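Here we start with a single chain on its own, the form predicted alone, put down as structure tokens.
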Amino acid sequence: MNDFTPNPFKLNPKSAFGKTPTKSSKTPTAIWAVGGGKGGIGKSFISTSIAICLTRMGKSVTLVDLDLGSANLHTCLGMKIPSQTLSDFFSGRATNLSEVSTATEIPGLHFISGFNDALNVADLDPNNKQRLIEGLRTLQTQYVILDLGAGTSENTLDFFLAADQKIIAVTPEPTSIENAYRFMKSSFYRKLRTAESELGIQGLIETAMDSKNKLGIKSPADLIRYISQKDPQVGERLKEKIGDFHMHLLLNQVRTREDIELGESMKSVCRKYFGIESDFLGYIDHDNAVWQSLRKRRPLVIEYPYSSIVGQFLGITKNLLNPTPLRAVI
């Protein structure tokens, strides 16, 4: 790739280098989460790049590292580990998230580190998890970007489901694709669990998650149809409950036209398998500039501002700011 490819999006110098934008007290904080299940697919690179693109568009952003226990997002930003992290928030040494939020050298961008080798996101108790989710909404920036860890622990899924925009990162490799589908399936069932007691379907979701169940349920869409056949009224209420479960697919490390076509293919599978319309946000090319900027401990958007990848990220960020309306189709 040519690092000097003209950027198709004009950056606003005032938002990039001028006064830091702030959130109006009447404007709710928007939370975006980047997940995908598998490690090594570029979630931190994607989270960092989208966060910086938002600041270049005049938005204030807090980037949160939720890969607790092995957090390294500070490296992508070229920062040292902050003196205060989420560990201080969970332990009570900090009373709110603002106290563990650090201003970065990038105007408009704050950072919250999850660094603590002794703490893993899976170990969070429900109270601390709820405190964190509620605290994210109180941060005084317009946007909060969550960089989720690998795996499908309940807490990771709950952070993902708490987001307003849910981004699934995937690379065009069999293991990444398989893990992305597993992450989507786990997220979907976790979403259904929040409604099972209210709708009187306790135990049914656990049964459905067993691929060898005797009910013939092979997918989330099968489960919804099964419930609708047994009790149409409950089925309709369940569809309403999951109506806001929408995901955005983002392909990373694309090399060929065939790789790009994977985005639409996965979108089609989501519709058939989950019974929802997902959105293909776009793709990011494979480029040596990525590892070069990481080695320099500098965000690619800053180190190579005229790279074609920056234009791709700006386009993806604009798509997230103006998402296509999606609806359940089960």
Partner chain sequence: MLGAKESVNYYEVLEVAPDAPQHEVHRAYTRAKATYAQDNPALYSMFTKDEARDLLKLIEEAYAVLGNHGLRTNYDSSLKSSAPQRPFTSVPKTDSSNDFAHHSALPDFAVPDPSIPGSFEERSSPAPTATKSEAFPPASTPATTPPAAAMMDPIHAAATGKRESILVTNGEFTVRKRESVVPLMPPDTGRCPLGTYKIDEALEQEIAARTEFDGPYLQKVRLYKQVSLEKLSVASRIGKTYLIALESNDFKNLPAPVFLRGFLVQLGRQLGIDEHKVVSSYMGLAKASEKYSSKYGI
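Numbering follows the first chain given and starts at 1. This structure is a prediction, so every number in the text was calculated from the model and none was measured.
The same protein also exists as the form predicted in complex with the partner chain; that form is not shown, yet it is the one meant from here on.
At the 4.5 Å threshold, heavy atoms of residue 81 stay clear of the partner chain in the predicted complex, well away from it. The closest non-hydrogen atom of residue 215 lies within 4.5 Å of the partner chain in the predicted complex. Proximity of residue 268 to the partner chain in the predicted complex: non-hydrogen atoms within 4.5 Å are present.
In the predicted complex, residue 295 stays away from the partner chain, with no heavy atom inside 4.5 Å.
The single contact residue among 150, 161, 94, 177, judged by any heavy atom lying within 4.5 Å of the partner chain in the predicted complex, is 177. Here is the short version: of 196, 222, 154, 244, the single residue with a heavy atom within 4.5 Å of the partner chain in the predicted complex is 222.
Within 4.5 Å of the partner chain in the predicted complex, a heavy atom is found for none of 89, 127 and 190. Comment: 169 to 177 is the region of 104 to 112, 196 to 204, 169 to 177, 141 to 149 lying near the partner chain in the predicted complex, near meaning a non-hydrogen atom within 4.5 Å.
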